[in-house]
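As a starting point, one isolated chain is supplied in structure tokens, in the form predicted on its own.
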């Protein structure tokens, strides 16, 4: 199956799943959460997989957008469909402003700086109860309405599927553009990219803004879908969970975050009664990804396929076989 056929199959499966799971509300809800995490993972993959920067403030940006969306819908009376793009763009700009100093860094130093920013954002969500209601959180967040009727059940799940599929396809398209090729060049060697005339900092800012939009849109849909948000909804563990989906599936590929999200995102909900085990499992997976499969599942599959091809005996064409037999005579 080539890439195009696989993309079509995955898109059809994602769009059909809400209607297949309509009879089981719990599994349908888990599927909706998976779609939100898929949108987040596809966005983080653009920066982590194709630019080479690990943004641990990802969840914090999602939280800014979520709280802003709730404020606009409750206090200003805006509709979800108007509040979401405004909150997303605003949160993306705030994210770029907060991350601007760190975008001149790379590797571990950028990750450490982004971790500090995420910690500051989590504290801000906690200690500004006028806007966030502190640790208590905001509940009874209404789902979006369409045509005067609130989206609920299967139709909200289907909406999340459409948003996730569009997000994945948009990421795939960005990678194929000249902008995406500049991202890859920066990831491979930022010094050489600078010598070739690529403005490294400017392209990192563009990538960070796009990734922040993914985080912000996902945060708005998460708040409306779950109906409750708190500082713990957008803390560093959430950022690490999204990163783990990307790294476990295979960063720097389109299919990798899909694999990682489908496998890992449902675990916290399917193992609710084993809270301690979930934390242990997350730690084990991080060790596995770091030491055993640094390229993720998709990368490991491609590596093994390459080894099999290299070990396979060379094939001889029919024409070469006939020529060889004729020469033997």
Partner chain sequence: MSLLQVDGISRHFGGVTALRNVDVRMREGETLGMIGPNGSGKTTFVNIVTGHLVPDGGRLLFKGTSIAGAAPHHLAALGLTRTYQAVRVFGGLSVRKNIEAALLLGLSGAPAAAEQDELVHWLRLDHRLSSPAGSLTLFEQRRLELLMRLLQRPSLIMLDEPVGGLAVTEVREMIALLQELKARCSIFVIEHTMRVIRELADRVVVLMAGEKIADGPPADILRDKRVVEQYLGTAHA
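Keep in mind that this is a model prediction, so the values were computed, not measured. Residue numbers count along the first chain shown, from 1.
Omitted here: the form predicted together with the partner chain. The next part is about that form.
**Q** So in the predicted bound form, does residue 162 come within 4.5 Å of the partner chain, heavy atom to heavy atom?
**A** Looking in the predicted bound form, residue contacts with the partner chain do not include residue 162, since no heavy atom lies within 4.5 Å.
**Q** Just to confirm, residue 166 within 4.5 Å of the partner chain in the predicted bound form by heavy atoms?
**A** Taking the distances in the predicted bound form, the answer for residue 166 is no, it never comes within 4.5 Å of the partner chain.
**Q** So in the predicted bound form, is the partner chain close enough to residue 188 to count as touching (4.5 Å, heavy atoms)?
**A** Yes, contact at 4.5 Å.
**Q** Do residue 148 and the partner chain come within 4.5 Å of each other in the predicted bound form, heavy atoms counted?
**A** Residue 148: no, not in contact with the partner chain in the predicted bound form.
**Q** Just one of 197 to 205, 212 to 220, 75 to 83, 88 to 96 has heavy atoms within 4.5 Å of the partner chain in the predicted bound form; which?
**A** Only one stretch qualifies here: 197 to 205.
**Q** At a 4.5 angstroms cut-off on non-hydrogen atoms, which residues of 157 to 181 are near the partner chain in the predicted bound form? List them in order.
**A** Stretch hits, in order: 178, 181.
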